[in-house]
Ligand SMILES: Cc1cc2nc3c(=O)[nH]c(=O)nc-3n(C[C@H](O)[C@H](O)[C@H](O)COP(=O)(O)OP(=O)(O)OC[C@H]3O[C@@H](n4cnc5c(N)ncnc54)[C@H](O)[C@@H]3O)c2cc1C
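Have a look below at one chain only, the form predicted alone, in structure tokens format.
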Amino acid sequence: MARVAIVGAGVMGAATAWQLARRGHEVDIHEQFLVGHTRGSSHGRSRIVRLAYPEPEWVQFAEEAFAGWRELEAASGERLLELHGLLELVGDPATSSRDALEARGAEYELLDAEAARERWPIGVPDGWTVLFQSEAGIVRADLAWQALLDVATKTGAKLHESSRVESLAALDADVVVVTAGSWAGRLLEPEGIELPVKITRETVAYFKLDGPPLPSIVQLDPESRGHAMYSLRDPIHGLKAGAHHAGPETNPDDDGLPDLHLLDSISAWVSETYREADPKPLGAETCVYTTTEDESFVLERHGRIVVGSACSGHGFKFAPAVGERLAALAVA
């Protein structure tokens, strides 16, 4: 059995630790802060989960992750997924996730703007199309993060909090898995491993929205097909919203504050999109993105070092599947 050191106890490191520990490997997880901190990318009460992606390979990856979340629910006894569906707002149905979902045999509906407005209390631009996909909603992010660490430590992994790693070479392990988020690059560079990423600080805001949970919403950019604005259920206030990949570049060691200009843009979008929400934000926070140019993930091995990084602002939903892949790389 391998001795594995994991650097970074965010959701990806925690998922990897669970997969390795349950297979009997000796696992030490090093976290520079205390678990539950808000400095990285894993904090918060909710994240979107969805099958809908414009590429079939991402749909398949999401299917694998859904199975992993269900397995984690069974192992932890926690209800982690709340599936109320997803609405994908697109200017042209050809740019939606329709074709990729069809390729994977996943069900969906296409509605015009008027039909969508009649079915849900939302605003949709005239002439736009709405794709509804039922296998979507939220994962309770804070509960999921803790659940992964709980099942990992219960199966033998050792968690070391306030344990900042300055050098990968100094770690006494057969394999080192780097899941350090925005701090990964500085750890990998001395090892001759380049991580071509951009680090940004993104702003999310919370709004009061009463009533039954609505589907999560992703509004796609007409040109890039990437999601521009997004919203999802917040278990306390009712609604969480943000602008995807809109924040400034940052140093992850800095204490970042929400961007007031972005907060205004998010509030304006909420006002246009939710008829029953109060567009005045109740609060805001930041989240650090570590992004590759094409928003793909970096999951690869270099000697004894396994890199699990750059989950590009949309990785949380894939954590169980990422953990499987990184664990496989670690013991290959």
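No experiment lies behind these values; they were computed from the predicted model shown. One rule holds for the numbers: they count along the sequence shown, beginning at 1.
Same protein, other form: the form predicted in complex with the ligand, not shown, and the subject of what follows.
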item: Location of the ligand contact in the model of the complex, chosen stretch of 128-136, 78-86, 202-210, 98-106 [non-hydrogen atom, 4.5 Å]; value: 202-210
item: Partner-contacting position among 187, 214, 116, 229 - heavy atom within 4.5 Å of the ligand in the model of the complex; value: 187
item: 164, 158, 154, 198 - the one with a heavy atom within 4.5 Å of the ligand in the model of the complex; value: 164
item: Residue 311, heavy atom within 4.5 angstroms of the ligand in the model of the complex; value: yes
item: Close approach of residue 7 to the ligand in the model of the complex, 4.5 Å, heavy atom; value: yes
item: Contact label in the model of the complex: residue 183 to the ligand, heavy atom within 4.5 Å; value: yes
item: Contact flag, residue 288 vs the ligand in the model of the complex, heavy atom cut 4.5 Å; value: yes
item: Check all three, 18, 25 and 323, heavy atom within 4.5 Å of the ligand in the model of the complex; value: no
item: Neighbours of the ligand in the model of the complex among 10-45 [non-hydrogen atom within 4.5 angstroms]; value: 10, 11, 12, 13, 30, 31, 32, 33, 37, 40, 41, 42
